[in-house]
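One chain follows as structure tokens, the form predicted alone.
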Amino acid sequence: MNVLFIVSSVVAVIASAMAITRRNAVHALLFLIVSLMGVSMMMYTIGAPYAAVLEIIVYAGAIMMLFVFTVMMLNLSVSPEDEKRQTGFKTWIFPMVLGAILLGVMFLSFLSNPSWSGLQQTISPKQVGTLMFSRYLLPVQIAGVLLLAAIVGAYYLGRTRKRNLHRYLQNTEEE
């Protein structure tokens, strides 16, 4: 088995474990992004560069940004003092080390096989689009509806309720 594949898979597993064990939602999302990058490098090292790029664009890009916006909208932060203590430089050291390992794996895979002549079968973006909107149209539409329902649910959970009191009731509460 390819050493670069094993290194990428170990980084993905470690980052996934760190994402599960973090108490801060933003830190968990950071480790989840590193984990998705590790999975993308695994796909790249086994000879699926287009799937690796789709992994980065769709999962690490779009869906993770949706998660970050949801966390920001729900405002799950703790006190400002705890937030300052939890967002120091030491928070970023371990994800940066894992990212540097993945960057090294990427450079080594480029140097070891720059032409990718050993690929058995490659799939083009046209083939992916054709399959996505013909054979897999229903799952794509269901995924879109589920993401829309998740956004509406997150908005509903994160909204603040205003107490609408009659002007006469407001005066009696103050006294």
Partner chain sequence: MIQPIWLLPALPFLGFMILALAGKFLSKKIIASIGIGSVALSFLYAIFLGKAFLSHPDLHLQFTLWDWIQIGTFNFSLTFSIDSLTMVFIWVITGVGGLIHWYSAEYMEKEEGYSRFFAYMNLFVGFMLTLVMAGNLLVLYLGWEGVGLCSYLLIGFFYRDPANNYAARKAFIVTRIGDTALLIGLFLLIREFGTLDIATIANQANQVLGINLSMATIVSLLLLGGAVGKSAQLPLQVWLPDAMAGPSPVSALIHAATMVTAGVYLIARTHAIFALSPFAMQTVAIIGALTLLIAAISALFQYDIKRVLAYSTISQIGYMFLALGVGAWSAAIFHFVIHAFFKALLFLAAGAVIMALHHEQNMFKMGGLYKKMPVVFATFLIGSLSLAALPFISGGFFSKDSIIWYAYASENGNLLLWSIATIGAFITSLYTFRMIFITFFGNEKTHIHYTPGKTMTVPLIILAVLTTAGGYIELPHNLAHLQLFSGFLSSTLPQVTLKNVLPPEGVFQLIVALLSLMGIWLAYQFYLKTEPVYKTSPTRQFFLNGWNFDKLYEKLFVRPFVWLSNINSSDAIDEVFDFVGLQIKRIGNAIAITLNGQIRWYLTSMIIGLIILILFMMWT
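In this text, rigid core is short for the largest set of C-alphas that superpose within 1.5 Å between two forms. Just so we're clear, the structure is a prediction, and the values are computed from it rather than from any experiment. Numbering follows the first chain given and starts at 1.
Heads up, the form predicted together with the partner chain isn't pictured, but that's what we're talking about next.
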property: Cα displacement of Phe69 between the shown form and the other one reaching 2 Å, rigid core superposed; result: no
property: Post core alignment: Val53 C-alpha displaced by 2 Å or more between the shown form and the other one; result: no
property: Did Met106 shift 2 Å or more between the shown form and the other one, C-alpha, core superposed; result: yes
property: Direction of C-alpha distance change in the predicted bound form, Thr21 to Leu103 (at least 3 Å); result: closer
property: Cα separation of Thr21 and Gly99 in the predicted bound form versus here, shift of 3 Å or more; result: closer
